[in-house]
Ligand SMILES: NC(=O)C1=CN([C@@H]2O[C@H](COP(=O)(O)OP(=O)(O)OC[C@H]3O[C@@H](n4cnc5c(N)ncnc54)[C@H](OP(=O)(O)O)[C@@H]3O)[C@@H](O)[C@H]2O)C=CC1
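Single chain ahead, by itself, as structure tokens, in the form predicted on its own.
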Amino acid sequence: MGDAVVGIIGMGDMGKMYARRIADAGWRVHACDIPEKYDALVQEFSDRKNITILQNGHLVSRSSDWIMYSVEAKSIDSVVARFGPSTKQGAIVGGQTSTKAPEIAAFDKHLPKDVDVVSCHSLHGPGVDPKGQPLVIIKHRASQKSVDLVEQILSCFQSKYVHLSAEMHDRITADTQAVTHAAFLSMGSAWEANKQFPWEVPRYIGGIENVKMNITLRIYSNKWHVYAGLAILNPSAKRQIGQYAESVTELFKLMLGGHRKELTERIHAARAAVFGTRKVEDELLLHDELLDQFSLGEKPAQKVRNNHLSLLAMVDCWWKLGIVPYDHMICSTPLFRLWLGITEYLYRNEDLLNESIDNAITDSTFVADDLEFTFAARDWSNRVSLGNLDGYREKFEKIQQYFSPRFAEATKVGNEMIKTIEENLRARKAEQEAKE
């Protein structure tokens, strides 16, 4: 490896993951967090000779050749304002925040002019193997030499580089992540409001229901600011989340009113817009048989029919916003691929889609659940549209506490589910390429 030193300001889960992998590849890493964490971090990384924990961001900035800010999006401006002026002359600076608009604005405002800016974003969580996953590289103001160095440093991840502007990054993450998170956050809200633990309710176990349950618990087991920052600080996200809440509300009203014709026409119009270009012979991303093995509860002897309001509303939302999700697969997260997989499974299975519509009109089993889900989707949208970070945190942590006893198991099952499905998709892709 070269003589470059990698600086990391912010040693949360992602910062630690970056530090370990980059150090293991032979690079020297200088890192820091808030002063209260200094002693604990020194102890945690005492066996890593390539990682030096420093007392503050000034020391990291003045001694490093590429400095990565791994802090909450809501704090990026104040942190860069504090440490940015200490940046080593000629160094490169980037960030790992999920929303790039405030990050780039902070860099432009507070960094010296003789500093290059090359940012990045790994489109997965710290518990996911980065191999083969998308890693966005953003050349904001930099020479190609600086970009090449950043790519050389990050090559140890074995990820797929995707080159985007900051604006396009935020648009794509809003399209793929913000709305997806809103759906799962709303599911958790509805279950908590009804005092349900879904793994104890037969109608929420098996097949695509396993995806809904596992990912909802996975999201609530993380820190609230990961999702709040992406939703509230991303300029493109508010409109998408607002449309999802509107789609949920309008479809629920059609179901509640027994308007079969209008509901069917609207669902079919959305299907044509989102999935119309998919060929019949195109293989589905996911199958019930594969997903059945990842359950937190005991699968019932007979599958319970579900109207899948959350999935119907997602495709309706994509249709209304003119989003074709397949266009963003190069920048997709594992969670988004799972979400797209189960919506695709529903919409490209004629019998299952007709069953969903019929169930929405004739079966009242899910009315109470759907009512709470509608309330939740609208409430999350309102908190996001108002930019209410405190309100977002309050609601998130209340639901988080409700589900916390099952997080360890859900995380384990969820990681295995993602790993198995990713391997399955890679194997199918390799098989297809071999045939071609």
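Residue numbers run from 1 along the displayed sequence. Given the structure is predicted, the values throughout are model-derived calculations rather than measurements.
Below: the form predicted in complex with this ligand, not depicted.
Undergrad: Which residue, Glu72, Glu355, Asp129, Glu246, is the contact with this ligand in the predicted complex, using a 4.5 Å heavy atom cutoff?
TA: Partner contact (heavy atom, 4.5 Å) among the options: Glu72.
Undergrad: Only one of Thr216, Ser310, Ser98, Ser119 gets a heavy atom within 4.5 Å of this ligand in the predicted complex. Which one?
TA: So the residue touching this ligand in the predicted complex, by this definition, is Ser98.
Undergrad: Going by a heavy atom distance of 4.5 Å, is Phe83 a contact of this ligand in the predicted complex?
TA: Residue-level check for Phe83: yes, a contact with this ligand.
Undergrad: Ile399: heavy atom within 4.5 Å of this ligand in the predicted complex?
TA: Residue-level check for Ile399: no, no contact with this ligand.
Undergrad: Do Leu386 and this ligand come within 4.5 Å of each other in the predicted complex, heavy atoms counted?
TA: Leu386: no contact with this ligand in the predicted complex.
Undergrad: In the predicted complex, does Cys32 come within 4.5 Å of this ligand, counting heavy atoms only?
TA: Result yes; Cys32 sits at the interface with this ligand in the predicted complex.
Undergrad: Spell it out for me: taking this ligand in the predicted complex, does every residue among Met11, His124 and Lys223 have a heavy atom no farther than 4.5 Å from it?
TA: All of them do, each having a heavy atom within 4.5 Å of the partner.
Undergrad: Going by heavy atoms within 4.5 Å, which of 147 to 155, 73 to 81, 236 to 244, 322 to 330 lines up against this ligand in the predicted complex?
TA: Every other range fails; the passing one is 73 to 81.
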